[in-house]
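Given next, in C-alpha cells, is a single chain: the form predicted on its own.
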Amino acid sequence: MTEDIRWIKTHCGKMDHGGCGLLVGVKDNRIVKVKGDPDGFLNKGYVCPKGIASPERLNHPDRLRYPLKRAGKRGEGKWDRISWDEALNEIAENLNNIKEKHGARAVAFGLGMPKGQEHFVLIRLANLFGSPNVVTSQDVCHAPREITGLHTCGFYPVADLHHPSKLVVLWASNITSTNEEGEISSMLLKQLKEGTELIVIDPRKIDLVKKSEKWLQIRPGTDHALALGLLNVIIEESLYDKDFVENWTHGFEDLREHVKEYTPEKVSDITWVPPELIRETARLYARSKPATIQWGNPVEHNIHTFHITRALICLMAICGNLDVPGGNVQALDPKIMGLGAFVRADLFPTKWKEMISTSHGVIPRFMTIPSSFFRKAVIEEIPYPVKGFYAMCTNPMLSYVDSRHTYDALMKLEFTAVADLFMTPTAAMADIVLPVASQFETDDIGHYGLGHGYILARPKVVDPPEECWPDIKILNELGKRISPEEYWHDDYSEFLEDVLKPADLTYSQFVEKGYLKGPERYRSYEKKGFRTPTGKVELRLSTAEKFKLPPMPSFTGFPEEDDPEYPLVLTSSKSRYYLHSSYRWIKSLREKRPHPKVEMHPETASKYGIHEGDAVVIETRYGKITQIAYITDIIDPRVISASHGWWFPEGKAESQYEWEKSNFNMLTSKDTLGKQFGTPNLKGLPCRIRVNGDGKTL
C-alpha cells in the first residue's frame, strides 16, 4: 500500500554527472519509485529517463554480488568466488610486489568521470602509495576548460544559469539530453520562458534549436576557427567592452592584430557557417548583457582543445561577461575541506616531476594521466614501465581512444583489479573483480571538487547486497594494506565528516540541509585583480615562453586533413538513455535505444544505397565498426554521427561482450595527440560508409 512507502530526499549521481534532487520511495528495503524533487536546488522537479530507471540497477540479475578471482587465462571469462579478505590481500600483495620491484610509479590507478567522493579517495590512495599516476578521462572532459581557465583568467569559468542572462550560447552542449556537471536543463528552460535568448552551436539539430534565435551548424572539429571569427567581428566593429578590455586584459592589441586574418568569409570556408550568420552571432553576443556560454565537453574532443578553450575565454573576456551574474563565473566553494588537504598532496611534493605526463610536456597544473600516455608506459615502457592497474568507475575498453591498444595494454599488465557494478568488457580482462555498492546504497557527497561551487547530499536509501561494498570502503580497506594505516579511518564514512568539518556540520546535519553552496561574489577582480601573473585576463599568455605554450589561440588545420578515400566527416553523440558505456543492461532504457545508431542525412543515405534500419559499416583509417542506420535531416549531408560507448551485455565474458563490433573507439587513434592535454581526435574524423554485406542485423 502507498502508505507503507517511505520517501527519502537525495540527489542523483552516477546515471549522469548528476545533481537533480530526487524523492525516492522505499518499501521493504526496495526502491519502488523515483521522482524529481520540486524543491531540488538545481532541477526543481525535473528528472531524466536515466534517473527514473536508476533503481533497476540495484536488483538486476546480472549484478556482481561477490569478489571474483580469474581462474583461466586472462580474458577467458572463468572465475572463482573468493572472500573480501582474500581479494584485498591478493590486490595488496600484487601491488606491493610491483612497487618493490619497479617502484610505486609502476602502479597506475584509474577512474572514469567524477561520480562521487570516491574520486578523491582514490587520488588519496595513489598519493599515499606513492604513485603519481591517476589515469582518468580528463584529457577529453573538463580539464581543458578548467586548466586553460586557470592559465588565462585564474579560474574555471562556468556558465551561471542561477542568475538571469540576456543571452545563453549553447556551444557543443546538448543540455536537454546530457547534464553538464550539474548544469541541469530545467534552469535554462526556465530562463527561456522568461525571455532569455538562445544561440545553439552544434553539428546536430538538437531539440533546443527550436527555441533558439540562431543555429550555427558547425563542421565538427572547427570550434576554434568559429570562435576566432566571432572575435574578428567583435573587434573590427568595436563591439567589445572597452572599459573591461582597457583595464582588465593583457595583450588585447596582440589579439586584435592576430584575429584580423579570421574574417567571416575565411572562417565560413572552414566551419561551413555562412559569413553573415557569423557576423549576426558576434553582434548578438557582444550586445547582450550579460551573456553566458554554456560549453559542453565536445570542445575537448580534438587535439586543438587548448586553442578552442583559449578562444572562447577570450570571447567571454572582451565582451565583459567574465565574473558577472548571468555570465561565466568563478564558482566559489562552500566552507569545506580543500581537495589538496583531502588527497594528502602535502605528502607527495615531487608528484609533478614523477608523473608519466610530465615527460610528454603537458600543461602545468594538469595532474592526471591521459589514457594514451598510460598505455604507452605499459606497452613501450616510456618514460618508465607500468605493471599494475587498479580501476574503478571506468570501462577503458570502450572509453579510451583506440580500443585495440587498450586491449593490448590490459593483456600486457602483470596485474589488474577492477571494481564495478556489472561485469564489463574491462572487468572481464581483470585478475580480481570487486562488486560495488551503487548510489542509493551508500552515503556520499556529490559534486565535491567539480568547480561549480556547491556540494550535494546523497544519503543511503537502501542497504546493498551483503558483499557489495561502497568504493570508498574498498579504498579505505585497501589503503590500510598498501600504505601507512594511520592515514585511513576505522570507518570509511569518516571521510564524509572530514569534508564537512570546516562547515561545522556532521553528515546527518548536511543531509538535512540537502546541499551547501559557496558565497556569491562577482567582479572580485576589481579588488584583487585576476589570479594570473599579470593580474589580468591573459588574451596573450604571459607564460607562453616559460611553459612552451602557444601565446595566442589559432586555427592551424582540421583535426585530421580531408582525404578523398574517406569523404565524410565523422562525429559522435551521447544518448540521453545511457551514460557513456554504462546501463545498456537496464531493460527500460535498452528498450528505448536497443541498437547503436548512426545518424545520416537522407541525401547521404540515398548516395550510398542505405535504408532506415540497415546495418552500416563505418570505416576510418584506423578501423571499422557496424551500427544501425537512422536517417534524419538533423545532420549535414557531409557528416555522419555515430553512437558512443556501445557493447553488448547480453554477449559472453570470454569475448568481452563483443567490444569491437560497434565501439566508436575502434575508429579513433592514439597517435595524434594535443600537446597540452594529450587529447586525441574524437570529432571531425574522415570516414566512409557502406551497407553491411553480411546482413541487416547486428
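The first residue of the shown sequence is 1; numbering continues from there. Quick caveat, the model's predicted, so the values are computed rather than measured.
Beyond the structure shown, there is the form predicted in complex with a small molecule, which is absent from this document and is the topic of what follows.
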{"item": "Heavy atom distance at most 4.5 Å to the small molecule in the predicted bound form, all of 266, 304 and 675", "value": "no"}
{"item": "Residue 664: touches the small molecule in the predicted bound form, heavy atom cutoff 4.5 angstroms", "value": "yes"}
{"item": "Contact of residue 363 with the small molecule in the predicted bound form (heavy atom, 4.5 Å)", "value": "no"}
{"item": "In the predicted bound form, residue 471 touching the small molecule (heavy atom, 4.5 Å)", "value": "yes"}
{"item": "Close approach of residue 202 to the small molecule in the predicted bound form, 4.5 Å, heavy atom", "value": "yes"}
{"item": "Which of 417-425, 494-502, 507-515, 536-544 lines the interface with the small molecule in the predicted bound form (heavy atom within 4.5 Å)", "value": "417-425"}
{"item": "Listed residue (249, 395, 604, 94) with a non-hydrogen atom within 4.5 angstroms of the small molecule in the predicted bound form", "value": "395"}
{"item": "Interface residue in the predicted bound form among 574, 531, 78, 289, criterion: non-hydrogen atom within 4.5 angstroms of the small molecule", "value": "574"}
